[in-house]
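Coming up is one lone chain in structure tokens, specifically the form predicted on its own.
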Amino acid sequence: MSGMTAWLIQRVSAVYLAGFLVYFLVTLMICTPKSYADWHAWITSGVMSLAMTFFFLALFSHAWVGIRDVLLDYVKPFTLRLTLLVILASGLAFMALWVIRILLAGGSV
């Protein structure tokens, strides 16, 4: 991944993460779900489900690029750097699969 690509992923994901969090919090303040059924209906609606999917995609991309860059810059021994990158990738992949399972289950987890 080139430096420009990593920079662009970091910036675009940061803008989306910030925008989604503002939308989410403002929506919760304006029309707070009164019950679990209201909350579930809002979270599992098509648009919100898609927006949350993009949120987690942006979150994991942002985390990968940021932590990867720190490891590449500051961890000099190749074996240690490679080990840490594999651990990072494995952890993010595990969390992504967990999020996919939750989103696809639609609240019946």
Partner chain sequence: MKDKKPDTRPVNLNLLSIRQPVTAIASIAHRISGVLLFISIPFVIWLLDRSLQSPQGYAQVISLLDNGLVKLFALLIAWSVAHHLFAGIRFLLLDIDIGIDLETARKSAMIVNALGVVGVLFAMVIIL
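Numbering follows the first chain given and starts at 1. Every value quoted in this text rests on a predicted model; they were computed, and no experiment measured them.
The form predicted in complex with its partner chain exists for this protein as well; it is not shown, and the discussion that follows is about that form.
At the 4.5 Å threshold, heavy atoms of Ala6 stay clear of its partner chain in the predicted bound form, well away from it. Phe78 falls outside the set of residues with a heavy atom inside 4.5 Å of its partner chain in the predicted bound form. Leu88 belongs to the set of residues with a heavy atom inside 4.5 Å of its partner chain in the predicted bound form. Under a 4.5 angstroms non-hydrogen atom cutoff, its partner chain in the predicted bound form has Met29 among its neighbouring residues. In sequence order, Ile67, Asp69, Val70, Asp73, Tyr74, Leu88, Leu92 are the residues of 67 to 94 having a heavy atom within 4.5 Å of its partner chain in the predicted bound form; the partner itself is omitted from this view.
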